[in-house]
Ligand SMILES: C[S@@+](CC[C@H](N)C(=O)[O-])C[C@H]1O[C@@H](n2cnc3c(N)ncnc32)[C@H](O)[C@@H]1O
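One chain follows as structure tokens, the form predicted on its own.
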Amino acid sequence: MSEKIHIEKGSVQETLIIPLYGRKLCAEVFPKLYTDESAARICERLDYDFSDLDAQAKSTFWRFGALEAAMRQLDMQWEINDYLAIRPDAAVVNMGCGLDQTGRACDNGTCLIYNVDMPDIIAAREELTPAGERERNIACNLNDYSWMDEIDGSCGAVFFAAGVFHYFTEAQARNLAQELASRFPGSRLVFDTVGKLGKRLMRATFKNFGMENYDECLYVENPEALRGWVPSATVSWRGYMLGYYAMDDPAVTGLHRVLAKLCDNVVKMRIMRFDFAFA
């Protein structure tokens, strides 16, 4: 086993730990619903004090948070696999990838896998999970569209972002969608959103990241409004927690199901999908 990789408290790399740990926890607690062997392997490679997270993991609400993270990944995988069923040689592009392995989970043996994130995040990723066959890691800010130059979308492309668009302004999210539509006709874009209440609930997270533009960041009360971003695109959406799967696992409690309905219907957690027209 190679030397463990130290994660400093308060660092950018630490922001990768909670979703990673959440996926690990969900695979342990809800094994019939979700599997993610890579999350446990990566956690073992980290020099990081997980004691606080281990203590919180016993909480019903913290486990529901892990369930949220897992359902989002399953939703993204559903959309990717649906696209690959039609265009099996397409590019699968994880925007703001962190340490997520969704691309590999959807690998059909012929698709191309791209992971895009900031340079320090990609450096950590390269150390922990080096790019495999037909896979490439790209160090770039998503709002610097030069990363798109490195994507081979000649056989189609499905772009997805999990937990990323919350930190974009509406203009940044709209401009990114428009750029993808222009450069990659026939491609698909998938991302998650929350409503106004969801944005308020995330306020502490924004403050912890030192984000000054909280008030400008994207939230979606009425998804119909997003149809105007790319008029030629087909836009659809589903509930984040129950829109794709019934959460069939005996470990999913009645309280979890009530919270899931609240997330979809009150917090307005959704998976948005744009199918861009061919030129």
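Values in this document were obtained by computation on a predicted structure and should not be read as measured data. Throughout, we count residues from 1 along the sequence that is shown.
Although not depicted, the form predicted together with the ligand is the subject of the following passage.
Partner contact region in the model of the complex: 161-169, out of 127-135, 105-113, 161-169, 78-86, criterion any non-hydrogen atom within 4.5 Å of the ligand. Contact check for L74: no non-hydrogen atom falls within 4.5 Å of the ligand in the model of the complex. Contact check for V92: no non-hydrogen atom falls within 4.5 Å of the ligand in the model of the complex.
None of the heavy atoms of G22 is located within 4.5 Å of the ligand in the model of the complex. Using a 4.5 angstroms threshold between heavy atoms, I121 counts as touching the ligand in the model of the complex.
Against the ligand in the model of the complex, the set G186, A233 and D275 makes no contact: no member has a heavy atom within 4.5 Å.
This chain lacks the partner; the member of N141, S182, S154, N175 within 4.5 angstroms of the ligand in the model of the complex by a non-hydrogen atom is N141.
With the partner removed from view, the residue among V190, V194, C97, M148 that has a non-hydrogen atom within 4.5 Å of the ligand in the model of the complex turns out to be C97.
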